[in-house]
Ligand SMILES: Nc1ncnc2c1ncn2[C@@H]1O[C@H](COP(=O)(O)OP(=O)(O)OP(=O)(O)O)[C@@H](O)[C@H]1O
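Shown next as structure tokens: one chain only, the form predicted alone.
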Amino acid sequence: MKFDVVGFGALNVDRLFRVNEIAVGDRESFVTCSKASCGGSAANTIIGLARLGMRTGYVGKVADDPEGRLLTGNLQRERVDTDGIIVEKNGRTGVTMGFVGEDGERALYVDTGVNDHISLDEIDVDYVSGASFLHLTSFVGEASLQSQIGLAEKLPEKVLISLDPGMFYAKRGLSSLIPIIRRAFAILPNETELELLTGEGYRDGAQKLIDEGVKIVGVKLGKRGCYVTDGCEDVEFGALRAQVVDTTGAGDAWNVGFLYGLAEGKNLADCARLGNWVASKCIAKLGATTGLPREVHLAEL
């Protein structure tokens, strides 16, 4: 099967707790409601793309436990192909604990489980080699990062690679990600991640990645929208107005719209607008995928 986009990243069960406020230091807060859902940055994005009609697959790892079966079953219900997912007989599936304040801000704690133990020889390269895009997101541990690097090196040039580095990869710095960055078609960080990665503000940081060979950099600026450049054309758009219920998965949702635009051959401006639009739908609902749309309404962009 030829995929439009294959995701490769951590798979986690998200346990989300709404709280009156995010507690810091010695402060206390209380839970107002809770919800368990399926997550993982790349998985959230792939689900969003599948809902928009893209042919999608996934590479990742779960344990042979209830959480692992929940994650794979959820992807299958969303029409994501799961033949690339490795099932580990031992260990535990990854879990993320998320605390969401009344203002929509959040704090996340990750129990990685088997996510950080993916070796390159467990991955079916042929599963990915026919895809138009491979979308990578971060792992906590070194082994799975090295497997992503190894896979990127084995794939034909026609497979375009996108990377959302997340905080875990951004904190590693540019040098540790150079093998992926120099192979990447698009890098999709948020502003903080880009500054950590490059040591520069978002415009200079984006140019630094372009200078390393990246074709397109899309920077998520939170409430201020996004900035996208290919080194020749720059576009910057403010965020669309939306009632903020939960910002969990907002960056993953922006990736959905942006990658959908790329896959459909849209120009940079339209890709950026699509990213902002999908993100606005996501943050209006509790959970990373609840608000992801099932069709594009161009009149709302």
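Note that residue numbering begins at 1 and tracks the sequence as displayed. As the structure is a computational prediction, the values presented were derived from the model and not from experiment.
In what follows, reference is made to the form predicted together with the ligand, a form of this protein that is not presented.
Against the ligand in the predicted complex, the set 12, 36 and 93 makes no contact: no member has a heavy atom within 4.5 Å.
With the ligand omitted here, the record of contacts in the predicted complex names 234-242 of 234-242, 260-268, 24-32, 60-68, defined by a heavy atom within 4.5 Å. Note on contacts: among 222, 213, 73, 199, the single residue with a heavy atom within 4.5 Å of the ligand in the predicted complex is 222. Residue 276 belongs to the set of residues with a heavy atom inside 4.5 Å of the ligand in the predicted complex. Shown alone here, residue 250 lies within 4.5 Å of the ligand in the predicted complex, counting heavy atoms only.
None of the heavy atoms of residue 136 is located within 4.5 Å of the ligand in the predicted complex. For the chain shown alone, residue 209 is not a contact residue for the ligand in the predicted complex, no non-hydrogen atom being within 4.5 angstroms.
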